[in-house]
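The chain that follows stands alone, in the form predicted alone, written as structure tokens.
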Amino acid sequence: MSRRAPGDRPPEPKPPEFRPGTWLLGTGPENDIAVCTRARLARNLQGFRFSTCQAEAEAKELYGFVAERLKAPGLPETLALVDLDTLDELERTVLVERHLISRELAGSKRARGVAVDTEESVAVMVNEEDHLRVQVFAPGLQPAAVWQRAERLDDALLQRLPMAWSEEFGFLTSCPTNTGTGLRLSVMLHLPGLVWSEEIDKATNTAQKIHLAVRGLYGEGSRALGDFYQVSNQVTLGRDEQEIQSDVFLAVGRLVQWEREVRQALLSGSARPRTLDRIHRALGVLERAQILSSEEALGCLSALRLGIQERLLDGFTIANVNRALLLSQPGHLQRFTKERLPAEARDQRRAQLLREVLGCGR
């Protein structure tokens, strides 16, 4: 097994032509722990029943109505609308893995679509749980920036679409927890320190006590694969946008500080050898494994990411790790390799591809 000392950098591998998207750029404030910030607005239109209550004809009518207005010039964002009925299951899976659509929208049978900008920093889902789910992404911890951009787009949409609104309750949504501002502000956090030190349950309980939701990599109902967690506000009714921003920023800031303190503890004293061993074992698996499941790959890449951030490994970049994170997922793996593979063959191809992307095992 190759071992790399600082300064002993191997030849730079030829990177595949692949862009991970805004949520995995690896830049922005607190980017060692805060991977990405997202503002999501839930909106519904007057004169149409909620998506979950629609008949097929109603869903088509709403989709056509929204599509026409999204395509009209004048929006502050340049968006390309994709009819999800025109995509096969693999392409829809890729959009889920890129966080541009939800698993629910991908699997829905209603007329539905998504409008996305070229940088994949804005995505508007049409006919999800609500008629519109407006999403804005920024790398790192940037709640104010994503809200300001989302607000500009929301104001423009309000000029061309009749939104369902109540003077008493605010924006009306299919789920009461979103009623009010309809704003969910979430931050994707990489928390291997809290997981490895077995303090993640304590951190999750602390967040929930101050009305924050803690979910896995792909949001509600998903597991925290690769030590990635989404932290977001739970309450929208009775809280304005500035209060939500402040709540999330302060709470996430505490989690970031907690993670940093735990990482330092794991790299000090008697805990240090075990932590280094865990990181290097993960590197060894990535270098030599012939079969890798997506879950095992994410676990190893999480350890590798921690090793790079703490300057324990040389010869790797966060950009390549982020690229590998996406390419390890089933949809991206098959799309990138141009192969439709059963599960066992995917696991073999994944091990090979990750060595190529990371330039390890040479």
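Numbering starts at 1 and follows the sequence shown. Just so we're clear, the structure is a prediction, and the values are computed from it rather than from any experiment.
One more form of this protein should be noted, the form predicted together with a further copy of the same chain, which is absent from this view; the next part is about it.
In terms of contact with a further copy of the same chain in the predicted bound form, the residue from 265, 285, 161, 90 that brings a heavy atom within 4.5 Å is 285. Proximity to a further copy of the same chain in the predicted bound form, defined as a heavy atom within 4.5 Å, singles out one entry of 107, 74, 176, 273, which is 273.
Checking 49-57, 34-42, 289-297, 63-71 against a further copy of the same chain in the predicted bound form, the stretch whose residues place heavy atoms within 4.5 Å of it is 289-297. Though the partner is left out of this view, residue 352 does not reach within 4.5 Å of a further copy of the same chain in the predicted bound form, counting heavy atoms only. In the predicted bound form, at least one heavy atom of residue 280 sits within 4.5 Å of a further copy of the same chain. In the predicted bound form, a further copy of the same chain lies within 4.5 Å of some heavy atom of residue 344.
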